[in-house]
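As a starting point, one isolated chain is supplied in structure tokens, in the form predicted on its own.
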């Protein structure tokens, strides 16, 4: 178990180093940062002054080392747009993004698990094929288009839900549904395949021979084993949702980390962009590591792999 966790931890560190390099490189490939910060009306002397003040005249390896060392110590720099520490901006908005991701995951699990059970119990029937179409629609439908469709239908025409902001709890409903829709296909397929395998196993046949009810067999015996991989994959799906919240928060004007990233990209506030990429990647890597640990606990065979 210790060797397994050590290997996963080393892999997580390597992924984070890669993210650091990519986040740094992408901001530099976008153009001359000094020119972007100075603005279109700046003179050549202004650009030179900004390049020197922000250390952009130094070699790229030196800039990267300075940023990586500072980030490792918790200093993510200062925002050029807000004139404030980057970590303070992220910490203020992170709860909205995390809450949105948890709500989206809750919607996804509440939808995917029952549908997966129904599809497995009616394998090969019209109901199974109809439920399977949900996965195709979820994979094909762009999240921003679904968000706009919900805004028009439930926000403007029916006026049941607010179209922006999270001043009340119902502000999370539509963006949570949009996030959930992208995660439902993977969770549904996993639940269906796990239930099909469980329902065809020997211990289920024994339970049926003992005269146990269908609900008891499905919920107490088959689902317990089929849900194990679903629980671990849900942690990874949560990481996807947090990263995908950038589009959703922009559509619904939610002032979370995703909206902060969009504002920073549009205003060339590269310290914030780098920090958001780093923070979201760190959360995703942490959730992936948690999923690996859960898999190892639930399936001892993985510990020797």
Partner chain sequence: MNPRSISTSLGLLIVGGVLAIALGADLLAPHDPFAQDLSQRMIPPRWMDGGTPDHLFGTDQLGRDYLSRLIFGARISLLIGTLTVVTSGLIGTTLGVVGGYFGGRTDDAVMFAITCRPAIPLILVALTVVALIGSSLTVVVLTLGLLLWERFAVVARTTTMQIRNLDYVAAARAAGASTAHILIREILPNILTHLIVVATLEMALAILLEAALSFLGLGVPPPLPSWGLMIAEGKDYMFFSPWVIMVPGIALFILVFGINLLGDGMRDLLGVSARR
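The structure presented is a predicted model; accordingly, all values stated were derived computationally and were not measured. Numbering follows the first chain given and starts at 1.
Omitted from view is the form predicted together with the partner chain, to which the following refers.
For the options 72, 156, 231, 130, the one in contact with the partner chain in the predicted bound form, meaning a heavy atom within 4.5 Å, is 156. Though the partner chain is absent from this view, in the predicted bound form it lies within 4.5 Å of a heavy atom of just one residue from 56, 246, 68, 47, which is 246. Residue heavy atoms within 4.5 Å of the partner chain in the predicted bound form occur in exactly one stretch of 140 to 148, 168 to 176, 83 to 91, 108 to 116, and that stretch is 140 to 148. In the predicted bound form, the partner chain lies within 4.5 Å of some heavy atom of residue 189. Contact annotation: residue 63 falls outside 4.5 Å of the partner chain in the predicted bound form, judged by heavy atom distances.
For the chain shown alone, residue 11 is a contact residue for the partner chain in the predicted bound form, at least one non-hydrogen atom being within 4.5 angstroms. Among heavy atoms of residue 38, none comes within 4.5 Å of the partner chain in the predicted bound form.
Contacts of stretch 271 to 287 with the partner chain in the predicted bound form, defined by any heavy atom lying within 4.5 Å, are made by 273, 276, 277, 280, 281, 284, 285, listed in sequence order.
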